[in-house]
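For reference, the chain that follows is the form predicted on its own, supplied as structure tokens.
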Amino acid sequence: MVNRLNKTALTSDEIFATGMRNQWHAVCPSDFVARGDMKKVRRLGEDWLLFRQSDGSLRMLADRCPHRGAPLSQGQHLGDRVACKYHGVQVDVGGTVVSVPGMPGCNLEGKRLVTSLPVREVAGAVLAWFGTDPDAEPGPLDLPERLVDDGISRFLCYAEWKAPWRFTLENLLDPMHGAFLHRESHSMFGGETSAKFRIRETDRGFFFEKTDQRGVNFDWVEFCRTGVDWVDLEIPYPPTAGPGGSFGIVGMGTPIDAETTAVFFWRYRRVEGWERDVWRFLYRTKLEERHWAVLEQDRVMLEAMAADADQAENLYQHDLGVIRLRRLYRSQAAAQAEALAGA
């Protein structure tokens, strides 16, 4: 993203470290920002201000006053605008300076000087378009069907991990770790500890799946690019876990910065009527704690890995999904850096 203040463009390595531009990313759970409130977040290595108006609508602004660069997040919520605490400069939800109390009528007023990102709220989460051109329209967003299907009941699990974003996504493109890291969990104790894998292309990404086992453990994952990058996977459940059969996970990982990731896991089952009520009751009273225990195993492992762990590896057939993902993002980061350099 070109910085409006110093006009420097990001390099390919910087984009690879802090996340792809010109696409949608999950930002945070919707309930992080109440009506009439605002909250500072850091995403893709930059500071942003989430600003919810009294009617419930949400906006996302760069957290920099256009006057002296002070954080707008320390200012005052004025309904349809924020007043910077440093000198009182007022910026509306579209990023336009509407008032400079210290010098009314000065040339800052009426100018759109603060980047405002397009946002959407979906399945309890805020998604934003991180474009390289702040004046361009956002790209299309085809939402994961698991997040919009009324016949599916879901819960959002959100956490922040001190690990690079690519590690968190690569973890999801690595089904074999379920048979080892999660062997003692409530849902991934079965199946073989050896397997063969294949990549199967789709019109929105690809499947990475075991060829010799299905419906026993973490046996497949689909990586999708539909304006936002996400994965879908399935874990078998015993009958004691209630109706609905296997449960699925839609996962996203958004860089906070080069070393930290916001992770989103929607856990879902296809259930309706009384089965839906039973599933939601069991989840809240019994299953949720077990799910968090599995996530904690992932977090501890990923946070313990060196930042350059992917620079001294010896990969084999099980890592084809990881290799494919890296090549994709490396290529995209290079293309975006080249476009920014020529802008």
Partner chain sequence: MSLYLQPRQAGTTGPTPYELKLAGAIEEVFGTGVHHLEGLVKGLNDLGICSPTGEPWTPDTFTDEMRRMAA
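Computed from a predicted model, the values in this text were never measured in an experiment. Positions refer to the first chain, counted from 1.
The same protein also exists as the form predicted in complex with the partner chain; that form is not shown, yet it is the one meant from here on.
Contact annotation: T260 falls within 4.5 Å of the partner chain in the model of the complex, judged by heavy atom distances.
Among heavy atoms of F189, none comes within 4.5 Å of the partner chain in the model of the complex. The partner chain is not shown here, but in the model of the complex it comes within 4.5 Å of a heavy atom of G242. Contact check for E296: a heavy atom falls within 4.5 Å of the partner chain in the model of the complex. Remark: of stretches 105 to 113, 203 to 211, 141 to 149, 252 to 260, the one touching the partner chain in the model of the complex is 252 to 260 (heavy atom within 4.5 Å). Here is the short version: of W129, F167, F197, W161, the single residue with a heavy atom within 4.5 Å of the partner chain in the model of the complex is W161. At a distance of at most 4.5 angstroms from the partner chain in the model of the complex, none of the three residues V221, H318 and R324 contributes a non-hydrogen atom. In sequence order, W274, D277, V278, R280, F281, L282, Y283, R284, T285 are the residues of 267 to 285 having a heavy atom within 4.5 Å of the partner chain in the model of the complex; the partner itself is omitted from this view.
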